[in-house]
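Below, in structure tokens: the form predicted alone, a single chain.
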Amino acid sequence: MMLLEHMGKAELAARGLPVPRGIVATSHDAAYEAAVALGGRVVVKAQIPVGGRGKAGGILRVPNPSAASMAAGSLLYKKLLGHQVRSVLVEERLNIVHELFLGLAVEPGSGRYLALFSDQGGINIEEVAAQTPARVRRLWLDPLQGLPADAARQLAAGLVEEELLPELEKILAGLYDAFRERDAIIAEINPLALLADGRLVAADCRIEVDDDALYRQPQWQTYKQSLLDERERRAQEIGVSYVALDGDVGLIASGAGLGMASLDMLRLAGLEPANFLDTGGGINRELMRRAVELTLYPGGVRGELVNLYGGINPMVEAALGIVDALRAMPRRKPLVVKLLGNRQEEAWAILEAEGVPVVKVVQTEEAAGKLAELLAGVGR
């Protein structure tokens, strides 16, 4: 889960790190008042949980409060990079003479920490890393040993002026504390701005928290819920995993691996998935009914593949739940079920009695192909 910029900066400020003065606004009037309070010349930044806002037009520099109001109005409640902008950060303009990059990340394989520094920060940091890798310093850290006292010097010596190293050391230490204490998997300051007066200021901040550690961060539970759309919240209530996609074919599978393979098979059959729901190992009749409603009922979905394996999951209960959902639909859409496992023959009989096409072989491509046949005459 990625924090909004102003939330990340609050974590830095709480540890004594320098951040710009800023005010969060949720209306154009509030943005006007914030700009007045900050001296007029400000930056208006869309607050969304994703990077790349600058290139997408989500960061606007304005000369006065009226322009700040207009900028906020152009961003608020619009879609940007797939997210609705619900708030903007109105921030003082900085007199930046150079942009640096400082970050920490967890390596998934080993669990080690990786500290990174570059003397070329900003929106093109990925290009810097690819084209001039020598300008990106890396330092591996042992989580059990903590941050070495000379970590900043190891990262930045020779890339920045010597007099900046003591301040950089303080900033790295504060970022490291936030990274550890908030169970982050990524914490970046980009850009870390060098100002004309010689100060270093965190002009932007990205902190991504480990979803599996959120139980230790209860202060962000409300924020986490706000990131979910209606269907994701319903999936959470049901107790299943749900991912929205861009196509028009629903998919339910009993397991992430089976689901990923099913996504591939659907695409090979010329179909584009609209969503993916993983039932996990807790299937019952009611769960299955609600899962079908969640994935098949939306207006843009033309049909669905249900791909289940009953090791611990009861297939008869699954079949009954599918039938319940179909009977409640005002207009049926094509649905194909591939179902194997415990009491599979009984489950097949229940589905076939309802007129549901059942695939009884192991190969998922058979089920995807069957669904493609059924959808061939159904308009998009």
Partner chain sequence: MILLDQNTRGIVQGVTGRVGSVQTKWMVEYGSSLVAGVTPGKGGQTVHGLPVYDTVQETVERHGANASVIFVPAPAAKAAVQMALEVGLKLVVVITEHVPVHDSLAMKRMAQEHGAWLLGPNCPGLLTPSVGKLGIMPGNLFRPGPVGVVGRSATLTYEVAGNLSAAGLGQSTAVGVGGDMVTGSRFLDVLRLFEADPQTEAVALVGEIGGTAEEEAARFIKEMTKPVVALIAGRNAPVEKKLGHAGAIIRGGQGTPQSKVAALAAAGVAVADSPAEVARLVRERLRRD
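Numbering follows the first chain given and starts at 1. So that the term is clear: the rigid core is the largest set of C-alpha atoms that superpose within 1.5 Å between two forms. Remember, it's a predicted structure, so these values are computed and weren't measured experimentally.
Beyond what is shown, the protein has a form predicted together with the partner chain; the following relates to that form.
Comment: 273-281 is the region of 154-162, 295-303, 273-281, 84-92 lying near the partner chain in the model of the complex, near meaning a non-hydrogen atom within 4.5 Å. The partner is absent here, but in the model of the complex a heavy atom of L114, alone among L114, A173, I96, L80, sits within 4.5 Å of the partner chain. Think of it this way: in the model of the complex, the partner chain has a heavy atom of just one of M70, V36, V50, A56 within 4.5 Å, and the residue is V50. Relative to the partner chain in the model of the complex, residues E126, E208 and E365 are all within 4.5 Å by at least one heavy atom. V106 belongs to the set of residues with a heavy atom inside 4.5 Å of the partner chain in the model of the complex. Within this chain, S110 lines the site of the partner chain in the model of the complex, having a heavy atom no more than 4.5 Å away. Taking the partner from elsewhere, D229 is found to have every heavy atom lying beyond 4.5 Å of the partner chain in the model of the complex. Mapping the unseen interface onto this chain, D197 falls outside it, with no heavy atom inside 4.5 Å of the partner chain in the model of the complex. Residues of 263-298 that come within 4.5 Å of the partner chain in the model of the complex, judged by any heavy atom, are L263, D264, M265, R267, G280, G281, G282 in sequence order.
Positional change of G341 between this form and the one not shown reaches 2 Å or more at the C-alpha, relative to the superposed core. Annotation for Y223: C-alpha shift under 2 angstroms between this form and the one not shown, rigid core superposed.
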